[in-house]
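As structure tokens, the next two blocks hold two forms of the same chain, structure 1 and structure 2.
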Structure 1
């Protein structure tokens, strides 16, 4: 893991709050958990991480508490912190929420998106296509925020409460689940095609179709995730 260093002040936007060491550690650990660099259920070793990140225990503990708030880490008295490990029923619950709420977000986006919004979505998918090709179709990993197709769709919905639900507390749990399906054979290219069909519906202003396509897209991902979990359960037994 790279050592955390202070961010040069010239790289901080005017009026923005400078990032602290805890901010940096939180971001790096969050992405490491989502990508699977920290195994589900694994214990957080504070001395080891403090040494690897080159920071004191104070900022590290603050970052861990924030990871708990993001539902990516569990902290239990006298047991310390460990990385979240979602079982099948928990993962299905998350996908059921996604299917309903992201379908709604997609319908609202179709009603409100401008031609420029759609162009940005196409540009994002072009970048994603290059990534899929570089991985020979093995992986479709979307970075957080504006580089995430689903995040962009929810943003275009124009519904702040919906955005807070899907891109706040639930967001990185959603990314964690999505990461589990992104490396499954044939899923990356299929997901990419589904994304394009969704943008087609948004460009046409067809909210009903956009909602159906997003719900179908997430339902397909849920099936892939359940199959993956079932396969892992068989291997463990």
Structure 2
């Protein structure tokens, strides 16, 4: 029984339990959006959602403002908020930014990672590898495992703001991008090779190489995504 651990990428700020209602609802709505429970492009009805969450409109509006800050909803004055809907070019934009930023994170990580850090990274990969071998491994990999690896790298970079930017904002958008093309052709073996090569570079402290490898890794993921989107568009037509 795999019982995919479902690593809670949402509870990034561990130990900081949301106390205010607005924060709580913000977290719930964010998860609902990135999990697809809120359809992209759908309108957000304040009275309805307020009663649904059992709170007043005040905290709900604050939560919506925070969602706007996370770029997950768009607010138009006097017209309400809508869940963001990403098209192909916007997805590409996100991957371009991610390529640049994670390249940076990977370079910094390579320059700072200790032997212990490297060992943990490698352990993570082998754990994922074992997971892959299980029945629904592919799904797991595409969902949590991949982000988990990247999450660790960014964490090792030591740049707190970079971490907030990537793990607090961009990764949520990324999950939205992936949601569209839910059943990906899954290129796990290739991605695994790339992951291991990245860890190799980090172990050797070769920041420049680690940066390039990570950029290429994400560029490959982007290509896969674009391919999937194109195919999806054709089916729709």
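Just so it is clear, the model here is predicted, and its values are computed rather than measured. We call the rigid core the largest set of C-alpha positions that still match within 1.5 Å between the two forms. Residue numbers count along the first chain shown, from 1.
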query: Displayed copy of the chain that is the form predicted in complex with the DNA; finding: 2
query: Shift of residue 200 between structures 1 and 2 at or above 2 Å (CA, core fit); finding: no
query: Per-residue C-alpha change between structures 1 and 2, residue 218, threshold 2 Å, rigid core fit; finding: no
query: Rigid core superposed: residue 74 CA moves 2 Å or more between structures 1 and 2; finding: yes
query: Shift in Å of the C-alpha at residue 34 between structures 1 and 2 after core superposition; finding: 5.1
query: Shift in Å of the residue 54 Cα between structures 1 and 2 [rigid core superposition]; finding: 13.1
